[in-house]
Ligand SMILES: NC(=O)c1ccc[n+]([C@@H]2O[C@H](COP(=O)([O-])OP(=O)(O)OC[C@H]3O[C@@H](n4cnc5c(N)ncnc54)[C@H](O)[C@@H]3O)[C@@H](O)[C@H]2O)c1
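Quick setup: one chain, the form predicted on its own, written in structure tokens, and binding and motion questions come after.
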């Protein structure tokens, strides 16, 4: 695989040969990745292409998007990536994304909903209603329009995977997403989990993946959560790392976790998974394996999942 660098994208050469993934494990698959020209989404797109998939990158940043197309095509020494400038809040842009994807590759097997504006992270009482509308437009509305554009074809062929890069459903300082951000994420998560029940038995598998601790971010330029309480931990890159890590997991490793999860999408259908669970399951070589926290988790029943957002605290206290 060719080693490619970029002065525009914040990347390092990708090499997933130290994972359990095999080159070609995604041969024949076509994936759409929204928000795929930076950070976590870029990691997804590059890992999918490494594994053999064709990739359509949808992003609003035209410069980064064109560079993503160049990098992925050069890394894989072929015409495997297409960038489509897309504002996922606009129906006409989603229609154009679908038209170009189908014209280029003939089908779409995988939809990774990842796009979000991290600057929409203000508190409820100090944010405008327009901020909340923007958050919902990118997350819930954008996800629904993308689903309607690509999932019917998956159902028709009896094959497909839909996933969403989700996060916490309510603000808890000093986590990365503020109240407005998490409100949009929660709405989109609900859309995806409902879709999972709607498409049962069709051959289309749907799940959520939380890329907690994944990223390569210049924190000097990062929009910090607003109005943190005085006793909140000091804002630092390490607070976003998974237990056992001194820094965030590189997006390329997060991409490997996404590929592994897609390969096991039938097992994950109708549920959610933390990226750390995926990395543990695939025997990813953690930098500090003796200190990584392996959290015990179990799959929720449909009824538990349906009511999960209702159980937000300890309830009545005696």
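Remember, predicted model here, so these are calculated numbers, not experimental data. Residue numbers count along the first chain shown, from 1.
Although it is not shown, the form predicted in complex with the ligand is what the next lines describe.
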### Message
Is it true that 40, 114 and 212, all three, sit within 4.5 Å of the ligand in the predicted bound form, judged by heavy atoms?
### Response
yes
### Heavy atom contact within 4.5 Å of the ligand in the predicted bound form, the stretch among 186-194, 98-106, 144-152, 164-172
164-172
### Query
Which of 87, 127, 202, 73 has a heavy atom within 4.5 Å of the ligand in the predicted bound form?
87
### Message
in the predicted bound form, is there a heavy atom of the ligand that lies within 4.5 Å of any heavy atom of residue 61, even though the partner is absent here?
### Response
yes
### Query
Given that the partner is absent here, does residue 35 sit within 4.5 Å of the ligand in the predicted bound form, heavy atoms only?
yes
### Task
Flag residue 208 as yes or no: does it have a non-hydrogen atom within 4.5 angstroms of any non-hydrogen atom of the ligand in the predicted bound form?
no
### Distance check, residue 82 to the ligand in the predicted bound form, heavy atom within 4.5 Å
no
### Query
Even though the chain is shown alone, can you say which residues of 189-203 have a heavy atom within 4.5 Å of the ligand in the predicted bound form?
none
